[in-house]
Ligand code: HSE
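Starting off, we have a lone chain in the form predicted alone, written out as structure tokens.
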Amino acid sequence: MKDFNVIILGCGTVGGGVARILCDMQEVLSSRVSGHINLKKIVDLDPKTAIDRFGIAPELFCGGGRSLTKDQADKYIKELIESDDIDLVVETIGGSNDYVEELAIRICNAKKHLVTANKALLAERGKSIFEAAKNNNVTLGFEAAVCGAIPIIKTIKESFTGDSIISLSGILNGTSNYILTMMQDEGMDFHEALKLAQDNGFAEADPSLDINGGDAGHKLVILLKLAFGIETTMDQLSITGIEKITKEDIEFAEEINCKIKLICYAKKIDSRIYATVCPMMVKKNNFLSGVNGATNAVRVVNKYAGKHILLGAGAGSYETASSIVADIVFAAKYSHVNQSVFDKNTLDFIDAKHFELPYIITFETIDRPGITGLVTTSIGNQNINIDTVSHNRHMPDRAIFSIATVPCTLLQIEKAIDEIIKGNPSLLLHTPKAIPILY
């Protein structure tokens, strides 16, 4: 095999890790493809940070390690993409704007293989990029876009191609999992746990995408395409974050032997796909309940092969970079094979409100006798069977209690709540919170 030459666009936390691994393991990686994998150049606006942090030789950077203007960087990128000497481009610039989408398409149209960790880009604008890779017969590697070092993409694309996936469930965002772990194991409130996550480097200064479920949603959109062959958008996906999880929710979870986790969930029933990202009460006999800290995990259930669990680091410089390097090696070894072809199915993507799951519904009401009876009557009127009713937390001006149901739909629950509000307008102090229970 001739030399396989690689460039990196963007040398921050992940791109710097990729550069370091390619330099450290050049001989080993080359032996795995019976050729030479060479890191030819890096384009970055501020190389000094990467040079100091990762010990990368300045001469590997366009501009010799000096800072670049955007125009200078664009000029170098254009030259490198159009060069016959370059085989693969690693995109670790980040973002999902027009510029990054157009750059990814340009790379594919130039007949270069593309590897990226950019989950937002693929989830929000992936259709055009996948089509460009397919039309140009180049590999699009994106293992690092979902769960960092966990090889969930290759597992679904390759190991499960002889089977049919029934369901996916997993913890795909380490920041939210760390926060929930601190709340449940250390007794912190949400804001204390978030501050600790930021102090320890698990959360960004702006943690919005982590705590509102957006980051996990991006990953689930990608997995839905791989596992079920359907194109979905973030707007179609039901997403709820962890911002409203309270001490009472944690107590109610303990009462029914559960832990609260932000879960990405998808299930195929006949020709229908149901999917959601939301906090769930995970039963303690479910493996996911014991996945703590910033760890990620995915549970896949297949029609024939049964249950499979993948667990590992979902983020981190070298952890994520290792997945990118694996995609580079794969492209170098199998560059003649188009890896960008996916199954396309005509499955119906159904609103998660129509999917049956057991729920725990938390009510905060005025404190007076008979309220539990009024609430349970309205729930029964919607043909919802009740499993358990929690201990009532009485406070000077209010009461809080929860009701666990057998499987029902969120639509049924919403109708029951509407009935309560219509019959007793002053009864509920806040809109009840419905959290699915995962066995």
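So that there is no doubt, residue numbering starts at 1 and follows the sequence shown. Being a predicted model, the structure only gives us computed values, none of them experimental. What we label the rigid core is the largest C-alpha set whose atoms superpose within 1.5 Å from one form to the other.
Keep in mind that the form predicted together with this ligand is not shown, yet the notes after this line are about it.
Contact annotation: F202 falls within 4.5 Å of this ligand in the predicted complex, judged by heavy atom distances. Taking the partner from elsewhere, K219 is found to have a heavy atom lying within 4.5 Å of this ligand in the predicted complex. Interface membership of E91, defined by any non-hydrogen atom within 4.5 Å of this ligand in the predicted complex, is ruled out.
G314 belongs to the set of residues with a heavy atom inside 4.5 Å of this ligand in the predicted complex.
Exactly one of the stretches 170-178, 128-136, 149-157, 279-287 approaches this ligand in the predicted complex with heavy atoms within 4.5 Å, and it is 170-178. When this ligand is considered in the predicted complex, only one residue from E143, D249, D210, D87 comes within 4.5 Å through any heavy atom, namely D210. Contacts between stretch 92-124 and this ligand, counted in the predicted complex as any heavy atom lying within 4.5 Å, involve K119 alone. Once the cores line up, the CA of L224 ends up less than 2 angstroms apart between this form and the one not shown. After superposing the rigid core, the C-alpha of E204 moves by 2 Å or more between this form and the one not shown.
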